[in-house]
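So this one's two forms of a single chain, laid out as structure tokens and tagged structure 1 and structure 2.
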Structure 1
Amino acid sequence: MAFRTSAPLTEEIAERINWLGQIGRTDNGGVTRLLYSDSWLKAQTAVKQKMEEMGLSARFDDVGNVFGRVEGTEERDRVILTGSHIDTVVDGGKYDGAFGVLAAMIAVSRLKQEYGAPKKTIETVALCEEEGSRFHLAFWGSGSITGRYQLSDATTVTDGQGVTLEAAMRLMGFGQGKYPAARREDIACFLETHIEQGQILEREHLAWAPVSHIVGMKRMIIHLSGESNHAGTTPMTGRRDALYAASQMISDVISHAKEQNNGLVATVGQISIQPNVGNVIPGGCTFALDVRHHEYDVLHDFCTKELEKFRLIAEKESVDLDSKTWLDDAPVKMDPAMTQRHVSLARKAGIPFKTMVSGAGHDSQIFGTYCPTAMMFVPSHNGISHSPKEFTKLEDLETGVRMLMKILREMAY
């Protein structure tokens, strides 16, 4: 590691991670902070208070995002925004999202302590609902800032108990004009530090990565209808076995993703068959397909070709195929100029790094279509995320904070 470790900085990071990790802590040692739950409000409020303690001027917006501001001495009206989110999946880890929020707070407060007020205004942010774990509407916080979502969208989305996003938000005191509107026009750029959620940095013994793209993603549901029949009395010829057809499709799509060898990933993570009885030929099969790549053409061509193959397999096996693409997100390119400057800074600092693609979704993909955006990864042990086992070594967290400090120093001072 090129950075000399600084006991006070390491200690501060450890202390902050553990402090925030206590809020919404589960018996499992994990963290559950679902949007507009009590533990979420407790965490957002604690973050706001901590921002104040750290010398930032803090405020909520009307959807519950929390900002901590340091006023620029020369450019006050355009804001360098940096942070991440503190909502979690059920029984998630204490690094995902949280680290990006804390890294921003620590970096900005340390810069202020060391160099005084910046020339350009910086705000740290704890965004709300990146995960979409309570409401199936991810990126509610960043989407509200950037204009992707309106408050009216909150009336139609409900959680598992049938509570609307609007009702849940109001119960927490938001969505009523009590705070400034979420929509912003003053964001100059967005920077997010996050754990990788994969094993690439760890396996390649790297400490840090500027992200070039956040992948595009297509998610499909494939439903096959064949004919259920007796496993013993139905000859092999003339069967309409939906699972047999599905197994050929799954085997085909995963094999071809492997063969591409271009970073495309394809996953079938969900399957169900009907009637799912050992001695009955499956008459129905439904499976989910998730495909990701950082170039939309590659993603689209792969899916189009595979669906065509699925059709041929379905025809051969005399099953009816119904496919639905319920998510079709284009890849988002991070700002090339910002990314390039970060590469130079990392090279100068002598840290082992590589530019990489994010296979997971992040708030940065929402900001990425709205303003120049940059994202930075730190390693993630065993690539485990959304789990109490989530872990990143302190020295890697420190690298993340130090790089963010260098970047903000260069940008704002």
Structure 2
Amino acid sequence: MAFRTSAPLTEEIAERINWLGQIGRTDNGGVTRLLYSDSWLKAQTAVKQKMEEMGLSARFDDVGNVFGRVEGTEERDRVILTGSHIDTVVDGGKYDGAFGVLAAMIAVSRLKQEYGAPKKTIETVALCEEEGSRFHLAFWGSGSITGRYQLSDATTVTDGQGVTLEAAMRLMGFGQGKYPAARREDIACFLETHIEQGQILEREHLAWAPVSHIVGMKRMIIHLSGESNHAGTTPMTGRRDALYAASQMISDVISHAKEQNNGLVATVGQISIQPNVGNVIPGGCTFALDVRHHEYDVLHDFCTKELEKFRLIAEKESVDLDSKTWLDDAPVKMDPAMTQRHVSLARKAGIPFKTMVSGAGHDSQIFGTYCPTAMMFVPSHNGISHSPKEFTKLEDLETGVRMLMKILREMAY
């Protein structure tokens, strides 16, 4: 890498990553911080306190986003916002989202220490939720800031235990008007530093990547209703087996995704069976389907065709089909002017880099339809993410922080 490794900076990054990774730590070394859980609140409260210790003016908003502000000397009312999300998947890693939050805090704090107050106001942000891991709703933090969601949306969304998003939020002390409203009209642009969550940068021996596009995605819940019956006395020809129908659907969608050869990916990562008893024919089956591509027409056409195939399978197996698309996000292009400036800064810094398309969804796609937005990646070891094995080398994390500092200095000073 072109940057000289600074022992104090690498030590600060390591200390911050390990510090935040202890909040919600699981028995096998992962992290679980689901929206509005006790570990989530502990993390957001700790981040707010840490922002204050680092010289930032920190506050919550009414959905639980945390902001750390450095006031501009010339342009106070328009904000350069930078950060990422604090929540995790179940038993996830300590870098996803968290590194972007900490990178922003470290970069802004160090710039203030070295150069004083910026000309333009900068705020760091720990967004309350991005993953969609607890509720069938994603990007609650960035979506509340940009107007994608309203507080009223929280009344109808529930978790696996039937708790509404509104009830969970209020239990943590939010959604009651105690803090400023989440909706913002003063954001000039958004910057997000993130781990790649893929193998490309490491495989190609690259240190950093400005992102040009974020893929579109559809997330669906497929519910099949058949008839539970005796496993021994019900003839094979007369069965309404929901699991068997689901297995055919899953096989079909995965096999056809593999045939695309155009970057489309499809995943079934969650399934439940009723009554889930070994000697009873499954009368009910529910599975989750996640499909992604960087061109919306390709994504939409694939999903439309697969849902029609699902209907034909359901009809053949005499089961009822109910499908719900709970996330339908079009691909989002990052701001071309910002991306090009970041390419120029990377060239000047002499770091090995490439421009990439993100195959994962990020808060930047929500901000990207609201204000000029840029996203930057650092490598992920072996491409592993959403796992306790998630890891990025300290020198790569330092590159991410130093590039963010360069970008913010050019924009705000």
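Model, not experiment: these values are computed from the prediction. Under this definition, the rigid core comprises the largest set of C-alpha atoms superposing within 1.5 Å between the forms. Residue 1 is the first residue of structure 1, and the numbers go on in sequence order from there.
A.B. asks: Go through 1 and 2 and tell me the one that is the form predicted on its own.
C.D. replies: Structure 2 is the one predicted on its own.
A.B. asks: Select the option from 193, 214, 44, 134 that falls at the hinge between the two rigid parts moving between the two structures.
C.D. replies: Between the rigid parts, the switch point is 214.
A.B. asks: Return the inter-part rotation between the two structures: the angle in whole degrees by which the smaller rigid part turns against the larger, from C-alpha superpositions.
C.D. replies: Turning angle of the smaller piece versus the larger: 21 degrees.
A.B. asks: After superposing on the rigid core, what is the C-alpha displacement of residue 257 between the two structures, in Å?
C.D. replies: Reported C-alpha shift between the two structures: 6.3 Å at residue 257.
A.B. asks: Can you give the CA shift of residue 282 between the two structures, in Å, with the two forms fit on their core?
C.D. replies: Residue shift at the C-alpha: 13.1 Å.
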